[in-house]
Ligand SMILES: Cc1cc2nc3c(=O)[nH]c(=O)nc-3n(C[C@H](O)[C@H](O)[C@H](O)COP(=O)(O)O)c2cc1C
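A single chain, nothing else alongside it, follows as structure tokens in the form predicted alone.
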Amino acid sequence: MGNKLIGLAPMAGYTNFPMRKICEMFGADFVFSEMISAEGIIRGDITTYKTVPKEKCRIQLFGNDPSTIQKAIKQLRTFPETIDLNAGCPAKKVVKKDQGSALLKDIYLLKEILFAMKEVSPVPISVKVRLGYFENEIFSIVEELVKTPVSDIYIHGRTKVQAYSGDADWNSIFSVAEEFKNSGKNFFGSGDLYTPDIINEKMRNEYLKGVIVARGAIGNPFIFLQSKRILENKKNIEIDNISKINVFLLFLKMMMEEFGERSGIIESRKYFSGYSKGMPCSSKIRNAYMRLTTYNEIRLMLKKYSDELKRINDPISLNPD
């Protein structure tokens, strides 16, 4: 089981540099950038360029024009570890432009893009897909993908139409990985990976190279370390609440360095729910956090909360003064 990999999945609006860094600190074997527009890169769009990593990691691009994606790869200012094509995003604003999971409706265009990427990419290429667009067609999709020069195939266990509803179909992921086990491709599964025990269960499938964790890692970078320990038959590490707060403060400092104090704090709010999940008076502390606008206010409030966690039976007041 030592060659199995657990990675951080690409998530638009989430997998920025601070999240990538904190997940690597807690054991992620690899991390993905946010989903990046190939068209935005070649147009020199400022917002797009802010999402292009400065450090080496796995980069995911989206688009539907082979030439545009080639140009975008040539303009990347850093050499990524791998370059992935998004053929799985179900968002309406992406799909209506025939990008993301819409590519699953035109497998020949999808293949054309992948071959075009390989022509200009200095690093291995990969593709992330869903089970299909309207219905589960993953076997016919992968049958074509294994003919392309991709090294890795990431499969989310839902169709585009399902979006994020229902349960991810891991049986389909396992079955297709087994069917094409001699293809020379690495298969990774994705979907509903919220606990170390669930990750461990999926990782033990002999035909998967590993998994990528998406929403389960938001505000919970510890999931990588905990999953690895279970996978290696070691005792799980429980992360206490005070340690979670300390890690969050480190993450917050990284967010402020990346985006500035005000923007960093505003952006951090969507992660704080994950860090505070399961803590005493968690809804109360989250509501308090959303009203704070400076690092000093946050530090004082969380210090007081940490002190009061040690007196768990006492009522908790969250006023920062």
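Not measured: the values here are computed from a predicted model. The numbering used is simple: start at 1 and walk along the sequence shown.
There is also a form predicted in complex with the ligand; it is not shown, and the following applies to it.
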Which one, Met25, Ala12, Leu300, Leu309, lies within 4.5 Å of the ligand in the predicted complex by heavy atoms?
-> Ala12
Would Met203 count as touching the ligand in the predicted complex under a 4.5 Å heavy atom rule?
-> no
Does the ligand get within 4.5 angstroms of any non-hydrogen atom of Gln162 in the predicted complex?
-> no
Answer yes if any heavy atom of Met35 is within 4.5 Å of a heavy atom of the ligand in the predicted complex; otherwise answer no.
-> yes
Just to confirm, Lys105 within 4.5 Å of the ligand in the predicted complex by heavy atoms?
-> no
Option from 112 to 120, 142 to 150, 177 to 185, 208 to 216 whose residues, in the predicted complex, bring a heavy atom within 4.5 Å of the ligand | 208 to 216
Can you tell me which bits of 284 to 301 touch the ligand in the predicted complex, meaning any heavy atom within 4.5 Å?
-> none
